[in-house]
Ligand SMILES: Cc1cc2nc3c(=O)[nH]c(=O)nc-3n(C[C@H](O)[C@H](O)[C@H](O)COP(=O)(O)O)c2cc1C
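Presented below, as structure tokens, is a lone chain in the form predicted on its own.
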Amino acid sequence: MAGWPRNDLSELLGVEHPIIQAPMASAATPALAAAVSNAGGLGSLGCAPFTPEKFAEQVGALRADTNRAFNVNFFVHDEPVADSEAETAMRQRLAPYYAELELGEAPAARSVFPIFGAEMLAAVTALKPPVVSFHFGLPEHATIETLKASGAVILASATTVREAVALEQGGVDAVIAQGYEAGGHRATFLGDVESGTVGTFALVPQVADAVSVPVIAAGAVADGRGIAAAFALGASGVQIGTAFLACPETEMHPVHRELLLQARGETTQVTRTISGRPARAIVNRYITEMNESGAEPLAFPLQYSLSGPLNAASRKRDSSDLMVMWAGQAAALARPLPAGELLTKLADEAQAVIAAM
């Protein structure tokens, strides 16, 4: 089998295959990440919701199953500013859903994702994960330097060329170019969120031309053809999320998994109604009705604290109506294979396409 056209990312990450399993907070388990890493890719944990104690527990579980490189991912966001009038309006808008699910009154909005601060930084540097990645920008320069001093390779996501350049200037070792097709949260952190709607096919070559660090293509990459295309566009590797959601090691509600495997590109949509930031999910009753209502979501992640109980109750009832179901536009290409088997198949498929080209 032919090798990879470029090895700069593989060498940087210390992996055999330049394929990163996307962090996917709450869905990516230590078992998933370990299986991907053991198969030669880079497994990842989405650590944005974790306390330092939970972070240490999850990294310990991951390391119990692999001695290979892995990635831990965090959100970079400011503490949201409370708006009592907006919160009252949103709680009233969601009240019928709370009543339907017999949840009582909607709770007071709160920040459900801790800020990446000194306490978490200390936890990360103590455990020395090989790779640390960020979403929604970068923490301050001193934090990046501290992480690098601990031996971490730093990755971060960009949705525009301007963001990619800013990340390189901020000290990242590689840039994840996240196309609009990607599932989950958009990484946009500079300018209006509408500026971050560039598709993968247009974004990756422009980012590759604009930065000198390796570029990782993300968004609608789900099989060997997509990986080969990413290399043709100038990327040195890929980050894949939705394709790994179908793996048995992923923490997935059976209803979400079933709809994922039935999905087509048009069945997903980018919405702010779930968390307050644009994110792509499978369209359901909640997204449709909230969009039609015109209700303005609360700031991230306050909105999540109000939609979260609806998601939890829907999961208990095995109902997709108000469930959060992240997925990208390439969901139709997902295959329900064990993660290690899928990683190997993706690598073999990509190398076969590249050799044929």
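Keep in mind it's a predicted model, so treat the numbers as computed, not measured. Start at 1 and count along the sequence shown; that's the residue number.
Separately, the form predicted in complex with the ligand exists; it is not shown, and the next lines address it.
Contact with the ligand, judged by heavy atoms within 4.5 Å in the predicted complex, is confined among 77 to 85, 242 to 250, 266 to 274, 166 to 174 to 242 to 250. Highlighted residues Gly43, Pro214 and Ser236: none comes within 4.5 Å of the ligand in the predicted complex, counting any heavy atom. This chain is drawn without the ligand; in the predicted complex, the residue among Leu9, Ala334, Met24, Ala347 with a heavy atom within 4.5 Å of it is Met24. At the 4.5 Å threshold, heavy atoms of Ala218 reach the ligand in the predicted complex. At a distance threshold of 4.5 angstroms between non-hydrogen atoms, Gly184 is in contact with the ligand in the predicted complex.
The ligand in the predicted complex comes within 4.5 Å of a heavy atom belonging to Trp326. Within 4.5 Å of any heavy atom of the ligand in the predicted complex lies no heavy atom of Thr188.
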